[in-house]
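Next up is one chain by itself, shown in structure tokens, the form predicted on its own.
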Amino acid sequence: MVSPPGAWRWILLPVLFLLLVSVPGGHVGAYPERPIRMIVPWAAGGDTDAIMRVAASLLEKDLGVPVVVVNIPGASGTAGAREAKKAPPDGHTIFSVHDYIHTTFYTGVADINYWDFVPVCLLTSTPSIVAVYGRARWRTFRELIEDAKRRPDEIKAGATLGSTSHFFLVLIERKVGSRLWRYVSYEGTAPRMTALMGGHIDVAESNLTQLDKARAGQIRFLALATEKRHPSAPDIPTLREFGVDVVYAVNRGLMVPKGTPGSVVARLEKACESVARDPVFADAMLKQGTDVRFLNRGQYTIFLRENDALNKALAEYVGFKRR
């Protein structure tokens, strides 16, 4: 084989080098090339884990490679976020995230926020519900609020402080314009619901995954934080019906490390849309008390920016300060 003339050699070598280093592993290949790991920053068995395992199985069908859920719990979701942030930006690590990414940042728990990643898509929203002890005296949300206004800091509200379960109840206080509850901290949904069912606390944030407990009389749903009544539970009034303009949910989506090629992000975005349109996903989310809510990467980026501003304001309202 005849070598190119000297002048051409020095032109071609840099071009060949750029072609080799522009893709992972130094070679050109179609994405995805191998199994994808989905980091879920919570323990197995929780709401996020259950939702994302369904999503992972359907992503596999679209992408043609295994999508393996890897649970990395710890530090209120921050351990998983750090692992995802340092992963190679090649699309073979995706990060399951929800609103905690804002709350942990503004409460000083974490130094990572949504802008440390590239948004891919929003997949689901799980609307929040004001729930009380099943034998509580309050039959309606209005009765609860009027009582809380008369004796602020006496009604015990269970929450993971600095999390969505806390900020939801804080948002209600802010909209009502009065301090209402005395907060009792619990790490996670399971101990909080156990405390509520036992009457150790009076009120807590819940969702439609606990509908069986409400129907059994163990807890009572007073108001739902949606724009209109939910088809899964049409007997639960919305907060807006009581004059409290609060729409709130736990919103779950996917992100990838910064530096991930745009073509890879676009491929993942397309796969997410396929998942969101799949009736199998819709049926599974209905059983999870969760709404399918697909936003593409552009829409999701705007959503994250607006949600971040809300959570920053709530953290400041409560008195949290970043260290």
Partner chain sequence: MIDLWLTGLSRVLQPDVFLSLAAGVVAGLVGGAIPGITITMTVILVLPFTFGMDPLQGVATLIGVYVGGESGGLITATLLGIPGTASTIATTFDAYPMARKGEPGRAVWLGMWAGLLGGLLAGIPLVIGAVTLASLALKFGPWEYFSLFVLTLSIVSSLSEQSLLKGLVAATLGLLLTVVGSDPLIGAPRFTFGSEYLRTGFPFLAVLVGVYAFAQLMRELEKRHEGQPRLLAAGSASLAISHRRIIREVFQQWANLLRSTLVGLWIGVLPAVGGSAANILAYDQAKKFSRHAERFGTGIPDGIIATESANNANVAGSLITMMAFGIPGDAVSAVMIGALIIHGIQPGPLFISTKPDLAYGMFSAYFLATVLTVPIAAGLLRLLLRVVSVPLQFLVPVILVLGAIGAYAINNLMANVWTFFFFGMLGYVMVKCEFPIPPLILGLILGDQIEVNFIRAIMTESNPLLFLTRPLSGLFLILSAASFAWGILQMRRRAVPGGLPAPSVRG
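Numbering follows the first chain given and starts at 1. Worth saying up front: this structure is predicted, and the values here are computed from it rather than measured.
What comes next is about the form predicted in complex with the partner chain, which does not appear here.
Proximity to the partner chain in the predicted bound form holds for none of H102, R137 and T290, with the criterion being a heavy atom within 4.5 Å. Put simply, R151 is far from the partner chain in the predicted bound form: not one heavy atom of it is within 4.5 Å.
Contact annotation: P279 falls outside 4.5 Å of the partner chain in the predicted bound form, judged by heavy atom distances. Proximity of Q218 to the partner chain in the predicted bound form: non-hydrogen atoms within 4.5 Å are present. In the predicted bound form, A50 approaches the partner chain with a heavy atom inside 4.5 Å. Of the listed positions (V176, V247, A79, A233), a single one reaches within 4.5 angstroms of the partner chain by any non-hydrogen atom in the predicted bound form, namely A79. The partner is absent here; in the predicted bound form, the one residue of T164, S125, T209, T226 having a heavy atom within 4.5 Å of the partner chain is T209. With the partner chain left out of view, the stretch that reaches within 4.5 Å of it through heavy atoms in the predicted bound form is, among 38 to 46, 252 to 260, 271 to 279, 292 to 300, 38 to 46. In the predicted bound form, the residues of 172 to 203 lying within 4.5 Å of the partner chain by at least one heavy atom are, in order, R182, Y183, V184, S185, Y186, E187, A190, P191, T194, M197, G198, H200.
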